[in-house]
Structures are given as C-alpha cells and as structure tokens.
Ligand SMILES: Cc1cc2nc3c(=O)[nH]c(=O)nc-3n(C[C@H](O)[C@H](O)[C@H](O)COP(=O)(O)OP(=O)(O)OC[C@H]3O[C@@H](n4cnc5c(N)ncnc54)[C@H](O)[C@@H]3O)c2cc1C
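Here we start with a single chain on its own, the form predicted on its own, put down as structure tokens.
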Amino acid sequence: MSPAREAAGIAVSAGSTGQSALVLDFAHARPHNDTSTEFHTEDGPFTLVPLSGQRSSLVWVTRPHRAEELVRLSDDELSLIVEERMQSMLGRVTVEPGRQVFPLSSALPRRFAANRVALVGEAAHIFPPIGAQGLNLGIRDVESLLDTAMRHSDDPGSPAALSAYDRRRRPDILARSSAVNMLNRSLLSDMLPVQLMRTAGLSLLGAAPPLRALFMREGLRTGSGFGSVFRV
C-alpha cells in the first residue's frame, strides 16, 4: 500500500494468496547459531529467523482460519504447538507477548519507476515470505537504484534514469516473483504429481550439498550461482 507508488500513478496487479501469517517472537532453550530455518508445510512456509541471544522470530504462514485459531491460544498452548511444529530443534519454546496475524497477498506493479519515483522493496514486489527472496530482491533494488543514480548524476529522477532502472530491475523481479508464487502454490496444491515433483526437488537439494549451495548463491544474487560453475 505504498503512498509514493500511488502518487506516481503506477498501477498494480494484486490478489490474495488465501493465506495469513502468524508473526511472533519466542525464547528457546538451545542456541540457534545464527541460522534461519524454513519448514515447508501443506499450508505454507514456517520460518524461524534468529534474533539476539536465545530468541527467534517466527513467521508461520497458514490458512486464515488456522491463524485465527492459533492467535487466540494461551501462551503455554501456543508454545507447545510451535515447539512440536519445529520438531523441538531449539528445545523448549516460550512464546513472547505481541503476536500478530497478517493476511497475505501477491502484487506486482506495472512499472518499477515513473514520475520521479523509483520503487524498492515491498513497494516494488509483494509475494509470500519464502527463502528470504523479498529481502534479497529489496537489497538488489537499492543497489540498482544507487548505481543508476550515479550513472545519471545530473538528474537521477529524469525519465531516462527511471527507464534505465525499470529495465534493469524488471527481469530479476519478474523471475523471482514468479518462482516464489509457483513454489507457494505447489505447497497448497492437492495434486499428487505437483506434490511429488516438489518433494523430489527439495530432497535432491537436501542430498546434494554442492547443488544446494548453488541455488543458495543464486537466491542471493541472480547469476552468481551458475556463474561460479562456469568460471570453474
């Protein structure tokens, strides 16, 4: 719901994913070792993000009615369910006050810059929180915008500069948005072939560390994973 995007007159194609995200912080008995973990469930990703000390943040994507059920539970009840869902990998869990539920949607602007406004972050791309791809895209948005501004230092907001930024970001944003939305839909699909393909792909990544590392590098920066293979 970017006011700057609206003021620039940039239209958006948007729709609900039919999911909600339960967001909360929790303490745990075992150290997280600064590692983020993501479980893919039948209703969406269940993502643990490390905080300072033995605390983590949780983004639990599920069906809206299930999210509303979870948010109404007592701290003790929810703590036990969260611990069971993560297979006790961080030991005993203690949910902290402040849980919230957010309806999820996907949205894509028709342009990524216009009328002296350049879009970055969730003003430029909205999709379910899977694999930190929204964060990674946002970082690349800023890098591209800075580079474009330096190349057009006489007037970074000129039509030529904004057109260059739009052309530079479009392939990356469209590719990542499509991939994440496709993966999210595969989690929600009841079709057995889709489930088998997703399971086979994730199992292959889990069993082949070099392949997993390649896709992790590719997730951070387009071309970095496959580029490293061809350089070798």
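Start at 1 with the first residue shown and count on from there. If you're wondering where the values come from, they're calculated on a predicted model, not measured in any experiment.
This next part talks about the form predicted in complex with the ligand, which is not shown.
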Spell out, yes or no, whether the shortest heavy atom distance between V59 and the ligand in the predicted bound form is within 4.5 Å.
-> yes
N136: touches the ligand in the predicted bound form, heavy atom cutoff 4.5 angstroms | yes
Even though the ligand is not shown here, does G121 get within 4.5 Å of it in the predicted bound form, heavy atoms only?
-> yes
Give a yes/no on whether V23 approaches the ligand to within 4.5 Å in the predicted bound form, heavy atoms considered.
-> yes
If we test each of A132, A149, V71, L80 for a heavy atom within 4.5 Å of the ligand in the predicted bound form, the one that passes is A132
Answer range among 124-132, 91-99, 111-119, 153-161 for contact with the ligand, defined in the predicted bound form as heavy atoms within 4.5 Å | 124-132
